[in-house]
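First, one chain by itself in structure tokens, the form predicted alone.
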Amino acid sequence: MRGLPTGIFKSLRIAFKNLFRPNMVIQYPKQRAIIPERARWAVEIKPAQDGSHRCQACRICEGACPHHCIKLDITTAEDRSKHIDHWWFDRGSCMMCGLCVEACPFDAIRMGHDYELAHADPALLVLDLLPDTPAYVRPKPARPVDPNAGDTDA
């Protein structure tokens, strides 16, 4: 006989140790998981102070996305103003890397905190975040008035 089977005793020791540990499982529909503030989930449009959006239709986020999850349909008028026809985001193919958020120079998008992203219908994974919206036009800062501009004392 080779000796006592110690593997059984090791597994029983682990089982009894875990028997008296506190429960780590949450009751999901009733309780929500505590998500850290820096957790990255699906992309959202970040509202400005007045509640509008800040997207200027520059398409930098579209180029920064490695999986091409973001598609912008933009029309440009003759006066060079832009209109966002659709700002599509495909949650199903997004890997939540946040490169589009980091690339946005106008701070127009952010990573949301909604982690319930699963759907049975794949068509619900593609979202139109800004449908039929004019692009944000940043207000130009007022020029300071030069008090000596009117003086022509020569």
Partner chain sequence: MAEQLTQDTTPDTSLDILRDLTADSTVEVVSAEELAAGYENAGWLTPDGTPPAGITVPRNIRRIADDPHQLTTDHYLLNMGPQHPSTHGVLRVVLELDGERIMSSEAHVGQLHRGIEKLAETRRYGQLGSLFDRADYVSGIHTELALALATEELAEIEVPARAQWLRVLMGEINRCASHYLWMGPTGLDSGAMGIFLFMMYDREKWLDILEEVTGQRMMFNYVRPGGVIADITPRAVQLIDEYLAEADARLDEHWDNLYESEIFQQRTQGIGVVTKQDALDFGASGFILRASGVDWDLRRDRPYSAYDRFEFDVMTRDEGDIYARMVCRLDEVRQSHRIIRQCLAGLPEGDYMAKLPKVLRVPAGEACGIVEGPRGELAVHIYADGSDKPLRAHIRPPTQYALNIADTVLPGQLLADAIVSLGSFDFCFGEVDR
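Treat the numbers as computed from the prediction; the structure is a model and nothing was measured. Numbering follows the first chain given and starts at 1.
A second form of this protein, the form predicted in complex with the partner chain, is not displayed here; the remarks below concern that form.
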Would you check, heavy atoms only and a 4.5 Å threshold, whether L99 touches the partner chain in the model of the complex? yes
Is C65 part of the interface with the partner chain in the model of the complex - any heavy atom within 4.5 Å? yes
Counting only non-hydrogen atoms and a 4.5 angstroms cut-off, does R40 reach the partner chain in the model of the complex? yes
Does M95 reach the partner chain in the model of the complex, with heavy atoms at most 4.5 Å apart? yes
Since exactly one of P29, P122, G51, P36 fits, which has a heavy atom within 4.5 Å of the partner chain in the model of the complex? P36
